[in-house]
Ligand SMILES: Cc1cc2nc3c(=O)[nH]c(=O)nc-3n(C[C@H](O)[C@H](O)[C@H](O)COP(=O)(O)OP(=O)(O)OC[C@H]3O[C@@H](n4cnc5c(N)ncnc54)[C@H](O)[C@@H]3O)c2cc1C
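Read the single chain below, which is given as structure tokens and is the form predicted alone.
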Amino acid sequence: MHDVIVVGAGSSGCAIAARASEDPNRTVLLLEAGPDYSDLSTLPFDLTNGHNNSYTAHDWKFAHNPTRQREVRFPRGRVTGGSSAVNTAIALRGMPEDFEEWAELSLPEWGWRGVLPAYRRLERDLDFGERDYHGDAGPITIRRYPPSEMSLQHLSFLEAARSLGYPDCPDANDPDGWGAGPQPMNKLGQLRVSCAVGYLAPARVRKNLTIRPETTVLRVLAESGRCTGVEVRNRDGSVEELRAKLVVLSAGAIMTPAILMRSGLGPKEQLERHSIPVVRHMPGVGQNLSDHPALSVTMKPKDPSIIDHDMPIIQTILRYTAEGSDKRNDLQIEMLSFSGKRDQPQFAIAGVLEYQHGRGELVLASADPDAAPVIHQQFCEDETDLKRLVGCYRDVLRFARTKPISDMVENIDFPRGGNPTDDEIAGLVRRFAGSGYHPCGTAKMGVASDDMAVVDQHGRCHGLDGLAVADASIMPFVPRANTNLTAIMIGEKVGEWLRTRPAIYGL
């Protein structure tokens, strides 16, 4: 019997396990479906290479439908560190207004004043650590590329932004800032500072923390209205039950709702369709899927030698507000140093919708724990989302035609013709919008009277004691930023509650 079982060693789970195990009198078991590299000197290159994502070597092999009648890959990390170990190492915070909106949903712990201490506690900001809204002693190191380390594409992007009238923004995590500048990144040189590196590495020496990799959680166990543990499949194929006073699901916005539904916690009609005994009808599980739709302009350079797939793919960012929008910094534009295949030199500029009104859903394909869930994003079926991403894409095209970027371009490969109308852009968005790989919201926080809420503001599951959820799935909606830092922040908050206020969770 453990005090706490944490399911999933991803961005949130690593933080929770590390913080909760700071109490030497509390035993913590951290379960991970993927492999674990306890000796950081043996980390495979794809996990240390923060210059680009790891797409296949440590992946769940999911697919999703970003738009209707189109299925594409959906990379998610399957390794200690989770997606923080395989992503682009972007360390961007949500906007203060995002969290004020969360607080307005009767979630007062998640207002800006409530989340800022956790953001500060997790980071070691090498550039702005002395500022009162930053931290300088946390486990996740953050820095920004100076101009001397930027590629020609990114220097050109910043110069074009100035020509187009956007202000310089040296710190994209300034709560009041906007404009173009260096992207904050959790990497040192090429090394990606994942949560396995920042949180787990120093915590491994604790005797009260056990890490079990290659252990698949089949379901959570419930008896008489209480979660008593989890059923797992070990690496040798054997199945066993592990007991705990508290189970914390931190398997991510895709696997957390899948585990809940396989456990009989989800929409009744869906569970019955797959012959899963209903433990509790929870219609919100798998619903409310939120993400960042994006679409790129792809260009062929005049000088192919500027394209180097071994250089950082991301170095800069523009955060700004759509025309007529009341959601500050609801759009983002990013230069991509390279795009496509190595033998076809290209680079790209992506336009990203950061505040999403529309929602998708996640459903089970079957009760088989090895069957991937079905993910329908339904991007830009909401007309407000569509209009703003069309405007953002028009702005991306302006960047492509502005010096010095335009001087680098031989031709625009996508969109064909390079000068689409707004109606044509809308058609491209409906067909080709892709994901920022920032899924969240599939087990959202909310008050018990909200039928679609799965957990309360402390992550405690409505109607089932002894079970909590703490990962991107509990976000009410996607924040206006890449979600990794916010997922870590969630782990920080819940981990600190477990350490300092365990009675909240019945410990």
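Residue indices: 1-based, along the sequence shown. Predicted, not measured: the structure shown is a model, and the values here were computed from it.
As for the form predicted in complex with the ligand, it is not shown, yet the points below apply to it.
- Comment: 470-478 is the region of 64-72, 470-478, 450-458, 39-47 lying near the ligand in the predicted bound form, near meaning a non-hydrogen atom within 4.5 Å.
- In the predicted bound form, no heavy atom of residue 194 sits within 4.5 Å of the ligand.
- Of the heavy atoms in residue 82, some are within 4.5 Å of the ligand in the predicted bound form.
- Using a 4.5 angstroms limit between non-hydrogen atoms, residue 134 is distant from the ligand in the predicted bound form.
- Although the partner is absent here, residue 484 sits close enough that one of its heavy atoms falls within 4.5 Å of the ligand in the predicted bound form.
- Using a 4.5 Å cut-off to the ligand in the predicted bound form, not one of 295, 349 and 351 places a heavy atom inside that distance.
- 437 is the sole member of 320, 399, 110, 437 with a non-hydrogen atom within 4.5 Å of the ligand in the predicted bound form.
- A heavy atom within 4.5 Å of the ligand in the predicted bound form is found for one listed residue only; from 248, 289, 265, 86, this is 86.
- Residues from 214-241 that approach the ligand in the predicted bound form with a non-hydrogen atom closer than or equal to 4.5 Å are 215, 216, 217, in the order they occur in the chain.
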